[in-house]
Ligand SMILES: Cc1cc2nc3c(=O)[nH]c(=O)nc-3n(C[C@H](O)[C@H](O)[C@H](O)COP(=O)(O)OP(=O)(O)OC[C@H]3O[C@@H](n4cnc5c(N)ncnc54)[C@H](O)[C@@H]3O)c2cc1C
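One chain comes next, on its own, written as structure tokens: the form predicted on its own.
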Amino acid sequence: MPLRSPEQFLASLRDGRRVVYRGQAVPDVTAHPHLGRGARHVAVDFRLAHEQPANPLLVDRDEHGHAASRYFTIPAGAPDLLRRRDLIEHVTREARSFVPLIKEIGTDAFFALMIVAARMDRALGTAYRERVRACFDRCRDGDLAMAVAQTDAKGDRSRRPSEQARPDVYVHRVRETPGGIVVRGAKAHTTNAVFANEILVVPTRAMTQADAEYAVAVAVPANAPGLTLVASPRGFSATSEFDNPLSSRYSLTESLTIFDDVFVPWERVFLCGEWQYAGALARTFVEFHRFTAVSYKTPLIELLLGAAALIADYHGMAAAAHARDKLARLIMYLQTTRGLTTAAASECRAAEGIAVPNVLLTNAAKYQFARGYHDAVRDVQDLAGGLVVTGPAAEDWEAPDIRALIEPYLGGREGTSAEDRLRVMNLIRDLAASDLGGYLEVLAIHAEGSLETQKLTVLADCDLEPLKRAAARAAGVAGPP
């Protein structure tokens, strides 16, 4: 079938899925005042491809010559990874720095599943890769939206999945039937699952033999019986476009994704008790997903930098030494993050015929972004000034007598209007001092893995022995015992 239009995508979400928002069941996410905004936002992927079917950045051809979203292009080398990075950046910019995450994460998971399934099939005689590829082809050919449920609720983090007092805090297999398996448990922070057609479930960690029932990877439709999506309202509660130009119009939605004895047919099961491969699948997924993450972070840094430079102009202090110092730091933050992403793609490795971004460089890029985000926000806040949080509200500006009273005091450099300056202030507040701003700051630290996970990954992936031997030679010593 051809690529879907935004209207076709939105219509596909009216399928009887069980979504809960602020304690109330939502019969139609597209018609809901908050969730509908998010559904229209993530439809940008479909709109751009539908409007520009000849744009090779957006649309590729599958092995049969049929048009397909470029997200589904299996990367064969560095050029494909760089095009994928450029695609993610482009769509994120079109969405005002809010990545849709409706095909990006799903294809990350498919690439990882293909790699690990091929290894399982060779070692164990399974036939998982054929199942993965069939599901991938169905999602690609149907132009489906996908979400990935990876992070389990986890419970007591000092205990393994099989040691938990409440066994359902990790998603697990509860029984098998001739036709498939039944799964139960919960995944947290599932991005945009309420707008997905398919939800891919992958492990969150390495398992032991005792955890075998928790070593599951499956694909389920978003309207599967027993599946409940409890949507979070955090970060995007604003309604005034004047006060909150971003969070009133664009939205991402996380959910607690609860599997209450959900039946999964065998053709949708990609890991079922093979505990030795749970950790490999979790790691391989994040190798792709962190590359996706740093790809969509750069447009956000660009927006912060652009807003900072613009407000410095409006204040009449763009030439001031302290302003130039802050702008220089923001520029280097942007270029370092993007440069590491470019290097990660350029120095990729091959696994089962699929190009995998360089693990060390990808994690260095993600750490660089996360570690520097709060500093970047501080510099933008410092340049903007206190009016970011003390400025008048939309209702004040829209009341003619109040506006006439306050407008003379809100101007900046000669030639700039008070309204323009206030609108830029409101953009900065939305990015750096609203509930969206708080959401973004926590997201910077914890999305796609915390700072500690990036450090652990680079320590595990970097071979220090040759470096120690070189240092020993330089020092004239034998080296470590």
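Numbers for residues come from their place in the sequence shown, where the first is 1. From a predicted model like this one, the values you see are computed outputs, not experimental measurements.
Omitted from view is the form predicted in complex with the ligand, to which the following refers.
Within 4.5 Å of the ligand in the predicted bound form, do we find a heavy atom from each of Asp60, Thr73 and Thr342?
No, none of the three is in contact.
So the ligand isn't shown here. In the predicted bound form, which residue out of Val44, Ala447, Val26, Ala433 has a non-hydrogen atom within 4.5 Å of it?
Exactly one listed residue reaches within 4.5 Å, namely Ala447.
Only one of Thr107, Thr191, Thr284, Thr292 comes within 4.5 Å of the ligand in the predicted bound form by heavy atoms, so just point that one out.
It is Thr191.
Within 4.5 Å, heavy atoms only: does Ser232 come near the ligand in the predicted bound form?
Result no; Ser232 lies far from the ligand in the predicted bound form.
Would you check, heavy atoms only and a 4.5 Å threshold, whether Gln150 touches the ligand in the predicted bound form?
Although the ligand is absent here, Gln150 would touch it in the predicted bound form, with heavy atoms inside 4.5 Å.
Is Glu254 close enough to touch the ligand in the predicted bound form, meaning at least one heavy atom pair within 4.5 Å?
Looking in the predicted bound form, residue contacts with the ligand include Glu254, since a heavy atom lies within 4.5 Å.
Should Leu443 be classed as touching the ligand in the predicted bound form when contacts are defined as heavy atoms within 4.5 Å?
So Leu443 counts as contacting the ligand.
Choose one stretch from 134-142, 183-191, 377-385, 243-251: the one whose residues place a heavy atom within 4.5 angstroms of the ligand in the predicted bound form.
Checking each option against the 4.5 Å cut-off leaves 183-191.
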